[in-house]
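Presented below, as structure tokens, is a lone chain in the form predicted alone.
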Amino acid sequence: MSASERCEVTNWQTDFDHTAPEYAADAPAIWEGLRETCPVAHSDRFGGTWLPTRHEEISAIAHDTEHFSSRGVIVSVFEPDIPAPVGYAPPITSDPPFHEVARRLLLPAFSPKAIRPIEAPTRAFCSQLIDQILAQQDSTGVVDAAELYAQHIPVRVIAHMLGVPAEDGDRFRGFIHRILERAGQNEEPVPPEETMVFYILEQIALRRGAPSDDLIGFLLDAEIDGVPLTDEHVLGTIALILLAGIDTTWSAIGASIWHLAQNPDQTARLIAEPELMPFAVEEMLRAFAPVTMARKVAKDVDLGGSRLHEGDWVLLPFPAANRDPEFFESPNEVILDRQKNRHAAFGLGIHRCLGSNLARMELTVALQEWLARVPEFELADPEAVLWSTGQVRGPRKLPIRILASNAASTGKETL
């Protein structure tokens, strides 16, 4: 079904569409309304999809690997073609017992020790982006903080980790739009050479004869029980890193800037009290968690008074769990120094995001550098803010008016 043919949503309880622009624009209010009236919504779209909105049900699904399979994590009109337990993008699409093996394999590459050396060049790159923004702004001071800042940071970081050219970032953004935002509803077929699979297989082939000290080289050298990973396993894991490591982080960065642009008192407090930044980062992640994951029902099961059937899709809106008043006090309020904050921004259960150290670093650095250089800013046009559709929610257009800045350049080495 094309975007022009998509049927308008008339009832979020019985016919929701998580890829609709109106859902993207007003998701927190939709979750709140459903939580009060129909905590587990259903839609016939995508072959049958369920949407729980309370922390209790979302957590229960995330921890129940018997009734809910991870072989499908992106709701689509297409069925996953690689069955459990491995799935098409291990470890996120893997079920036990293979999941633990595939996850443990990647842990060293995303440990705090592995992420630490990336912080300095990430900081320098953020400063470089701000240099360019300040140099390009017109007399109105209006810039797009999503297109010119947030969207570039994780793209450059992931390209650096994979050992691919930085300019491939535009291709990454195309992959993300087709796979995550359009959910298999692309109007035109994509030429094979423009697909993510073709790109990754090309990179794997380049590395086969030339060992490299990067994440692709790490995967090609890795073994499970003495056996090298298959090309399919390497392909799937790189695809996971591209899809899960880019859109999610740029969405969190953009949403945080969007919030601060409307709350100058909190911006001023973060600048005056930099020691609050670790707490503020966790609170931004809670309040603006970007990721909704999905599961396939493996066995018929009851949930929140509804009967879910084998083969149904189930969305896990972790952002909705983070807004549940039964789990968080004042959930719709951003409290920079919130102390009790067991948020679900990185997921729940065995599939909790193994890239959380990387994401936290990028969000922290992006906000620190922005506030150091752009201490006063506001939304130029709230109505012009455009939120992404699909299972990752964040601003795609974010017009910001810069009110004051320090254009000094750091001159540090960048990624």
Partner chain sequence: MRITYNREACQGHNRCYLLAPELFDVDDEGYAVLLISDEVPEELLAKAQLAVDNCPEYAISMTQSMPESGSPT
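Positions refer to the first chain, counted from 1. As the structure is a prediction and not an experimental result, all values here were calculated from the model.
Keep in mind that the form predicted in complex with its partner chain is missing from the display, and what follows is about it.
Colleague: Has each of 112, 282 and 343 got a heavy atom lying within 4.5 angstroms of its partner chain in the predicted bound form?
Modeller: Yes: each residue has a heavy atom within 4.5 Å of the partner.
Colleague: According to a 4.5 angstroms non-hydrogen atom cut-off, is residue 171 in contact with its partner chain in the predicted bound form?
Modeller: Residue 171 lies outside the contact set for its partner chain.
Colleague: Does the 4.5 Å heavy atom contact test between residue 368 and its partner chain in the predicted bound form come out positive?
Modeller: Taking the distances in the predicted bound form, the answer for residue 368 is no, it never comes within 4.5 Å of its partner chain.
Colleague: I'd like to check something about residue 360: if you look in the predicted bound form, is any of its heavy atoms closer than or equal to 4.5 Å to a heavy atom of its partner chain?
Modeller: Heavy-atom contact with its partner chain at 4.5 Å: present for residue 360.
Colleague: Wondering, does residue 107 line up within 4.5 Å of its partner chain in the predicted bound form on heavy atoms?
Modeller: Output for residue 107 is yes: heavy atoms within 4.5 Å of its partner chain.
Colleague: Could you spot which one of 178, 103, 123, 207 gets a heavy atom to within 4.5 Å of its partner chain in the predicted bound form?
Modeller: The option sitting close enough to the partner is 103.
Colleague: Which of 348, 372, 27, 40 has a heavy atom within 4.5 Å of its partner chain in the predicted bound form?
Modeller: Checked against the cut-off, the match is 348.
Colleague: Tell me which stretch of 335-343, 162-170, 237-245, 307-315 has a heavy atom within 4.5 angstroms of its partner chain in the predicted bound form.
Modeller: Heavy-atom contact with the partner occurs in 335-343.
Colleague: Going through 47-71, which residues have a heavy atom within 4.5 Å of its partner chain in the predicted bound form? Please give them in sequence order.
Modeller: Sequence-ordered list has one entry, 63.
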